[in-house]
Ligand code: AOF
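Heads up, the chain below is alone and in the form predicted alone; it's given as structure tokens.
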């Protein structure tokens, strides 16, 4: 990164415009991936004259939308953009060109664009005589806003684990017992969350006990319905599972050689894809499974449990973000623990808040990112 482009010294009012651009960017959740979410605010003489955000993958970028909103008032103005303006022409024109053509005098951007083709827009603008300030967000702040976009590990997707747990750390009242731990408001939040992922994954035990559909049924219709993935190393789930009957994203089972060939044929006849990976004693090799999912086009993966699968992912250091819905109740001594066997290097990881704790109905919603 060119150190000359880095400048975090903004006034409080300027920071407010950056934060507004970030808020606008989040409106693209579920509609723009694998592109990043981007927002833009155009300010002239201390007054906001235009706002925009990237609404749809393949559609106009945030800068173009904000410039259209500002019209002639964009000339001589400052554009506050959550991500460095792109300099290449793809499905849309280069945002750097649009900003220069509109006569914008200054650009303040939040995060640097890491792309080989799209990055470097700040330098193009500077060379054209536009005053540029940025990146004003740290690398950690940038990752929190668009984590899959900044995820560089080609061996696996950016992976989040979502669990609803009680105050005594349980996710179910007893083994094999379906338990609604959190309230309906959390259920609605999870539907919104699902819309922004390429795949939703659960373990075979969760699939048997909860019989989930794993579809998106919230207010955000995903641009592409997320794939529904069940980790079933021994081939135990029956063909009558609801996710096989419910329309939605493609269904995929990740299994091992321990699963019988007849089971695989039944699942395929029911419309599922069966992916066989390495594994010992019917236990799926999770790094291998995630690498296969990444190779198959999954850039962002949401695991919704259960405790055994979640603990295994955590133990192997394969979780980047935790979404925890903590309910104000106790499930008692027979409860299924949320993290039954977290060990190894992954068990020693430190976590930091990626957002302020939020009250969702009666429950507390926590978002944490793995440090480093």
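Bear in mind the structure is a predicted one, so any value in this text is a computation, not a measurement. Numbering follows the first chain given and starts at 1.
There is another form of the same protein, the form predicted in complex with the named molecule; it is not shown, and what comes next is about it.
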{"property": "Listed range touching the named molecule, judged in the predicted complex by heavy atoms within 4.5 Å, from 258 to 266, 110 to 118, 245 to 253, 162 to 170", "result": "110 to 118"}
{"property": "One residue of 151, 88, 106, 294 in contact with the named molecule, assessed in the predicted complex (non-hydrogen atom, 4.5 angstroms)", "result": "88"}
{"property": "Residue contact check: residue 36 to the named molecule in the predicted complex, 4.5 Å heavy atom", "result": "yes"}
{"property": "4.5 Å heavy atom contact, residue 42 and the named molecule in the predicted complex", "result": "no"}
{"property": "Residue 62, heavy atom within 4.5 angstroms of the named molecule in the predicted complex", "result": "yes"}
{"property": "Proximity of residue 95 to the named molecule in the predicted complex, heavy atoms at 4.5 Å", "result": "yes"}
{"property": "Members of 68 to 84 lying within 4.5 angstroms of the named molecule, judged by heavy atom, in the predicted complex", "result": "83, 84"}
